[in-house]
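Given as structure tokens, the chain that follows is alone and in the form predicted on its own.
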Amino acid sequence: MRFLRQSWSVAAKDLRSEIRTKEALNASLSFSLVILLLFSFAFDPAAEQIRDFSGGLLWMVFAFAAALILNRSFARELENDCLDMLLASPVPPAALFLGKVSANFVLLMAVELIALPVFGIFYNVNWGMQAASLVLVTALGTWALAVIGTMFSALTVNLRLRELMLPVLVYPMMIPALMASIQLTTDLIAGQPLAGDSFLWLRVLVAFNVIFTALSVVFVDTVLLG
């Protein structure tokens, strides 16, 4: 119970900080909307082929926009040696990590839940009865992004080129989760339910989240404390 309270305290601190400045949130949201708008001019929204790469387009936007938020996760703690103070506090590194993951997850979901209706308008997508399943898949894929991105944000926080290194490290690790999210999103936008092959991809995404969340919690002490 104390562990959860500590995690929530860290998450609330990060959310308050981001809501006050809105630096990463505004940049990520603006990037997402601009890319969706540009691709709406590049492709015919009325074409049936749009359904074939809709999932890939959405998750490409989400993945690149996420880097703008994830990069700030630990970088904002560098000012006034705040990161050293956090590590010296009674909060264990695992609680600190999960708090930051939770804050990043909330921020990413906020951007994505705004981008999804915009995507539907630009590309004439009728979400139909699959809206709830699409939100579920988006949440699972976003948690994977938040966990991997926050871990590598901690790993690269002291690097001079962390803005460049973070995407280089995160995207290869995200390939299984992105493949599952893309396939599931494409099927759901096409109106197919979560069954058969789609359900297999859903299990891959859930397994990825469980495995990498557990590994991150176990090894975060080594990453943060050395």
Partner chain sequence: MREKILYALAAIAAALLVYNMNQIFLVLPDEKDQGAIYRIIFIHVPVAFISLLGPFAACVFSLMYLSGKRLQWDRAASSMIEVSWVFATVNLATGMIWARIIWGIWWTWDPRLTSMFTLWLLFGGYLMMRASIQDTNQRARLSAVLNIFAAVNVVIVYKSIEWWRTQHPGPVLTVRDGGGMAPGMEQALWLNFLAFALLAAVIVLVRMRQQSVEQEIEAMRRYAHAL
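Remember, it's a predicted structure, so these values are computed and weren't measured experimentally. Numbering follows the first chain given and starts at 1.
The discussion below concerns the form predicted in complex with the partner chain, not included here.
Trainee: Is L4 a contact residue for the partner chain in the predicted complex, using a 4.5 Å heavy atom cut-off?
Mentor: Outside the cut-off, so no.
Trainee: Looking in the predicted complex, any heavy atom of L38 within 4.5 Å of the partner chain?
Mentor: Although the partner chain is absent here, L38 would stay clear of it in the predicted complex, with no heavy atoms inside 4.5 Å.
Trainee: Test of understanding: in the predicted complex, would Q183 fall inside 4.5 Å of the partner chain by heavy atoms?
Mentor: So Q183 counts as contacting the partner chain.
Trainee: Would you please decide whether A42 lies within 4.5 angstroms of the partner chain in the predicted complex, comparing each non-hydrogen atom pair?
Mentor: The answer is no: A42 has no heavy atom within 4.5 Å of the partner chain.
Trainee: Would you kindly say which of M60, L200, V34, A190 lies with a heavy atom within 4.5 Å of the partner chain in the predicted complex?
Mentor: So the residue touching the partner chain in the predicted complex, by this definition, is L200.
Trainee: Answer with one of L98, L107, V137, M151: the residue that has a non-hydrogen atom within 4.5 Å of the partner chain in the predicted complex.
Mentor: The residue in contact is M151.
Trainee: Scan 151-172 and note down the residues that get a heavy atom within 4.5 Å of the partner chain in the predicted complex; none is a fine answer too.
Mentor: Result: M151, F152, L155, N158, L159, R160, L161, M165, V168, L169, P172.
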